[in-house]
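Quick heads-up: it's one chain on its own, the form predicted on its own, in structure tokens.
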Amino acid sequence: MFLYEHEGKEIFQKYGIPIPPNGVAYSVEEALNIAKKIGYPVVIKPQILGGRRGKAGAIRFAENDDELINNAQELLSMDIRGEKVKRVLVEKKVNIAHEYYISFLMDFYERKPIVMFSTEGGIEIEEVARTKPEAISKRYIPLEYGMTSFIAMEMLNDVGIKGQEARKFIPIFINLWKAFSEGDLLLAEINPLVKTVEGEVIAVDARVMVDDNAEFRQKWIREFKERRGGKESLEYKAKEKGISLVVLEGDIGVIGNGAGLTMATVDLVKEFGGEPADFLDIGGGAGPERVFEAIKSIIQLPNIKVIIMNIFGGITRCDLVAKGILEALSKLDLKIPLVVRLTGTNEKEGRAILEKAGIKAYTDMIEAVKKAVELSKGGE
């Protein structure tokens, strides 16, 4: 799970990494109150899970109330790469002297954590690696003793930062490592990490990814999911119902039973020119209640034009799936087309139930997916 910038900064602050004074606003009025509290000038940043906000023209500055109101209004009405902006971070603007990059992440191929540092912050690290590789230092972190001041100093010296200047950065290395290792993070990135005109080293951005598998021992992960709202809250609520849901960015809702079948359905939607809105696996042995909850979850996603339900009944009974579909149709006032592929255990009974309600049940997966894609594009 990726964290929003303001959530990542909560983690950073907990571990002693300096961040500018800030606050999260869900309205223009809240943004104005935060700006007055922390003082102008401020930066206003939409809180979305995707990156490249600057390239989308979505990082704004305000020197006074009028500028703050105008920019906050515009940002809160924006849709950035399919994600509606629902909140903004209002943050004290700092006087930047230089921008750097630092990150800890897991190298799953080597099965080791890795740390990277660069004197070229504010741009994508892949671009720095391509155009100026000498500006990057990289090390694997020994798990037996973790990040040390020696490793940090060695990396800083690699990129030309030495002596007293290097010592300013060492607490960032150590504290970011603590956040990464103790918090079960998969990525902890600061880009940019800045040195201010006044000589301070401050994290002005945060990109953090947590390991969902660590949720059972990391109470704060559950708390973030519960309070978020939006699609992560939807994924969390679906999980509580026994449903595996991952929200994507398309307009075709995908429901399957079994991870392999559901992923194959997602892939076929893409193959035939559609855009999947999700990956939703109702699991084996799903009954009417779980089918109902799956459809209820899907229709809460934005921009859904059609739902493709792909069921191969093994321990899952097709007639029970059909009953769940009918319950959803009657209780949820479903307005969008539902394409169903139904085969396997009790498939004749399941198809009969659906056909009686006027729903065609396909037996061929490819035919069903093609139909869903056609409907998403305005076909009949």
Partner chain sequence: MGVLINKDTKVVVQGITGKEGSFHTKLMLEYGTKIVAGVTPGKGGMEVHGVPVYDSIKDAMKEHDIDASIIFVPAKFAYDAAMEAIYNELNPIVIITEGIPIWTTLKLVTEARKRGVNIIGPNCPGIIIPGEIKIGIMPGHTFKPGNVAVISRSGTLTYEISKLLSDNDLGQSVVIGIGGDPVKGLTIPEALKLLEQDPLTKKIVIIGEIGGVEEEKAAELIKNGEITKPVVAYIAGKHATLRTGVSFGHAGAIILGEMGRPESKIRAFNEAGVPVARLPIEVIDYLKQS
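Positions refer to the first chain, counted from 1. These figures come from a predicted structure and were not determined experimentally. Only the largest set of C-alpha atoms that superpose within 1.5 Å between the two forms is called the rigid core.
There is also a form predicted in complex with its partner chain; it is not shown, and the following applies to it.
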Contact segment among 208 to 216, 291 to 299, 190 to 198, 85 to 93, judged by heavy atoms lying within 4.5 Å of its partner chain in the predicted bound form
208 to 216
Work out which of N175, S103, S244, T119 lies within 4.5 Å of its partner chain in the predicted bound form, going by heavy atoms.
S244
Contact assignment for its partner chain in the predicted bound form, among F224, F279, F169, Y236, heavy atom within 4.5 Å
F279
Close approach of D267 to its partner chain in the predicted bound form, 4.5 Å, heavy atom
yes
Would M365 count as touching its partner chain in the predicted bound form under a 4.5 Å heavy atom rule?
yes
Hey, in the predicted bound form, does L143 get a heavy atom within 4.5 angstroms of its partner chain?
yes
Hey, in the predicted bound form, does D251 get a heavy atom within 4.5 angstroms of its partner chain?
no
Those residues of 156 to 185 which, in the predicted bound form, come within 4.5 Å of its partner chain by heavy atom
N157, D158, K162, G163, Q164, R167, W177, F180, S181, D184, L185
Once the core is aligned, does G287 move its Cα by at least 2 Å between this form and the one not shown?
yes
Checking I190 here: with the core superposed, does its CA move 2 Å or more between this form and the one not shown?
no
Inspect the rigid-core superposition and answer whether the C-alpha of E271 shifts by 2 angstroms or more between this form and the one not shown.
yes
A 3 angstroms or greater change in CA distance between V210 and G284 is reported in the predicted bound form. Closer or farther than in this form?
closer
